[in-house]
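Just one chain follows, in the form predicted alone, and it is written as structure tokens.
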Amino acid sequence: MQIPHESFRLAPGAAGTLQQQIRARVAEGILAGRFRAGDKMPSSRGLAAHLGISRITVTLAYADLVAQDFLTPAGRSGYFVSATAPQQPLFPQAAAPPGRQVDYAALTDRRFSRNARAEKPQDWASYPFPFIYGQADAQLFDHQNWRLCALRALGRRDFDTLTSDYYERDDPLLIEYILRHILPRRGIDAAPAEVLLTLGAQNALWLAAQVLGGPGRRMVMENPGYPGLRAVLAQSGGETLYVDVDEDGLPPDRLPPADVVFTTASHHCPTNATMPLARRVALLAAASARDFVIVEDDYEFEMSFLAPAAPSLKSLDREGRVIYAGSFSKSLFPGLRLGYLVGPEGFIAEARALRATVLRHPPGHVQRTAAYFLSLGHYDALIARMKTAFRRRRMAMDEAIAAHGLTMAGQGGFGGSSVWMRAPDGVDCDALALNLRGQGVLIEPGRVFFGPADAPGNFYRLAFSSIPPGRIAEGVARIAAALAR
């Protein structure tokens, strides 16, 4: 790696000669770990010109550093950080006495960080039994065709798409595919002005809550429900109300007076319950009679492999009361961070204006790569492959759960990529998860999915999107053994 000239400066009034100051700056960089073995130093001519000093001063400083084994010469190639250069001491160095520090916890009131989140270890892939939700499986993803689509998007023909600022617009090729291929699968007919691209489903929910929320607004979410939505609603300025779900999802007859209702009707998070058609119709009738808006988070509809996907609420809506949020994070990969909102033109215009205050639009090359991947048929082939794999893994999960007498709490009759589990009363699943981690098993404790008033501790979620099918039985056996203890 080439160390840039800009890494060096001479402080006015600093002690020592110019040669000594250069030696000190290089030694400090090496000892601090900023300059590493093999890094190439700036040329003596270039560094001298940058600092405005004589070249011989730099040359002499480099010679001293070679003598001290900080640098090593390589003929005409220049000077490099020595592989045997002194290293930073391993013992902790005394810190300088701190000055008066700002108390940011008090200043910010921790109004964002105090919201409970589902914690996932960064090194989850190193565990042999990762029952972790939402991660992509490298064995299933179509790396080759995604790479080809990315190269095509980076080509000269798409230069304007790659480099231009769309201001508040989105890639028309991706919007067209969503309108003609993705939304019709959910029975949704929309115009370009009724679709807005987002940075994933989380960003879509945030935009919807900000546009529809505010002081005095009553926002309803499911209990248990998506933890990320709870944090979003806390920022909306409105009042968050919780409604307990049953085996069919959100019950319309239990809704309190509300302005906006958020629901995961097709695959309830986290139980996977699918709202029956009759209940969907009843929810829309309640919205019309009581004048509230519904935000439908349809984050996993592509994973309906046990039975056909039920009609989306948006497809049944005749009054423009449903805002539909979709995502490619589960069907492609979470790092893509690409989702979309579908709603009446007036709502989308307001959400687009809000998005422009935070970000103009998702990156153009990401949009165009996804557009090519979808339009060339690779997406449909990937979805078919994932459904086959997930069906096999779900069968392995069902067999292992039944064999060990564990209790499945969620319905999950249409598919998805996880199962919702209930441990015996009195079991603390946070402690259970910590215990299992030491045995190479990762599970998700369920407490974070419930409202803060009364969060039971004996639920947990097991996902199978990232674990090989051959390891499922052994992983479930370890969970059962831990519960038995």
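Bear in mind that the values here come from a model prediction, so they are computed numbers and not experimental data. The term rigid core refers to the maximal set of C-alpha atoms that superpose within 1.5 Å between the two forms. From 1 onward, residues are counted along the sequence shown.
Omitted from view is the form predicted in complex with another copy of the chain, to which the following refers.
Quick one: of 265, 371, 211, 261, which gets a non-hydrogen atom within 4.5 angstroms of another copy of the chain in the predicted bound form?
The residue in contact is 211.
Heavy atom within 4.5 Å of another copy of the chain in the predicted bound form - residue from 147, 254, 385, 392:
Of the candidates 147, 254, 385, 392, 147 is the one lying within 4.5 Å of another copy of the chain in the predicted bound form.
Quick one: does residue 364 come within 4.5 Å of another copy of the chain in the predicted bound form, counting heavy atoms only?
Residue 364 belongs to the contact set for another copy of the chain.
Taking heavy atoms only, is residue 203 within 4.5 angstroms of another copy of the chain in the predicted bound form?
Yes.
Would residue 238 show up as a contact with another copy of the chain in the predicted bound form if we use heavy atoms at 4.5 Å?
No, no contact at 4.5 Å.
Partner contact for residue 154 in the predicted bound form: another copy of the chain, 4.5 angstroms, heavy atom:
Because a heavy atom of residue 154 falls inside 4.5 Å of another copy of the chain in the predicted bound form, the answer is yes.
In terms of non-hydrogen atoms within 4.5 angstroms, which of the given stretches 329-337, 68-76, 398-406, 240-248 touches another copy of the chain in the predicted bound form?
Result of the contact check: 329-337.
Just to make sure I understand: among 21-47, which residues lie within 4.5 Å of another copy of the chain in the predicted bound form, judging by heavy atoms?
Contacts from 21-47: 25, 33, 34, 35, 36, 39.
Given a core-based superposition, decide whether the C-alpha of residue 437 shifts by 2 Å or more between this form and the one not shown.
Result for residue 437: no, shift under 2 Å.
Yes/no, residue 447 Cα shift of 2 Å or more between this form and the one not shown with rigid core fixed
Superposed on the core, residue 447 moves its C-alpha less than 2 Å between this form and the one not shown.
Quick one: once the rigid core is lined up, does residue 428 have its C-alpha move by 2 Å or more between this form and the one not shown?
Where the cores coincide, residue 428 shows only a C-alpha shift between this form and the one not shown that is less than 2 Å.
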